[in-house]
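Quick setup: one chain, the form predicted alone, written in structure tokens, and binding and motion questions come after.
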Amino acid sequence: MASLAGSSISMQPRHALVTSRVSGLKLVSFMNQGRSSLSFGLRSMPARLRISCAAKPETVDKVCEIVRKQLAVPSDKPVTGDSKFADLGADSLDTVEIVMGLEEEFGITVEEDNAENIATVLDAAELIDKLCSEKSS
């Protein structure tokens, strides 16, 4: 007996699993005493969605430190890449001061257009890495 739950397959030991490949399609059959009890095809699919963080971990950490200091965030409240400035209590003036602190720390200049798009620590870190790499090019 075979059962399919989520993405895992469990089988009792007396069953055999037979696979074969036909032009990119992998055929899978479960055999029970010579009789096919379940058969289906699996096709490899290319990844359609990739999530990646372009920012270096050390940049994210440094931005977290600067944000924590600038907003006087208590040490028991986490500040991570996903932290939104507004959720940490920042108003528009605080956000401007954070950007100024980041510019000073990393030796970059953040244009107003880019500064308006910064909502999270990760947004800031990704922008900083981008500007630093452009600066060194």
Partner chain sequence: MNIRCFQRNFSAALPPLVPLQLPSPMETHLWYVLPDEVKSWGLLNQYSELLSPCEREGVNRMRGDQLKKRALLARALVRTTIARYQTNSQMNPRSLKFRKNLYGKPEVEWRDEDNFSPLPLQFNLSHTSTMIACGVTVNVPIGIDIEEKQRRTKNNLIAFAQRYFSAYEVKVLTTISDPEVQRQEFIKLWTLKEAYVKALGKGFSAVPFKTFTIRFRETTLRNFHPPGSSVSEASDIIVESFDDPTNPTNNWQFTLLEVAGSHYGAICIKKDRTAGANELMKLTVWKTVPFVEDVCVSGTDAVVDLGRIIEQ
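Numbering follows the first chain given and starts at 1. All figures in this text were calculated on a predicted structure; none of them were measured in a lab.
Omitted from view is the form predicted in complex with the partner chain, to which the following refers.
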4.5 Å heavy atom contact, D61 and the partner chain in the model of the complex: no
query: Looking at the partner-bound form in the model of the complex, is E65 within 4.5 Å of the partner chain by any heavy atom?
result: no
message: E105 versus the partner chain, in the model of the complex: is there a non-hydrogen atom within 4.5 Å?
response: no
query: So in the model of the complex, does any heavy atom of L93 sit within 4.5 Å of the partner chain?
result: yes
statement: Applying a 4.5 angstroms cut-off on non-hydrogen atoms, the residues of 71-97 near the partner chain in the model of the complex are K77, P78, S83, K84, A86, D87, L88, G89, D91, S92, L93, D94, V96, E97
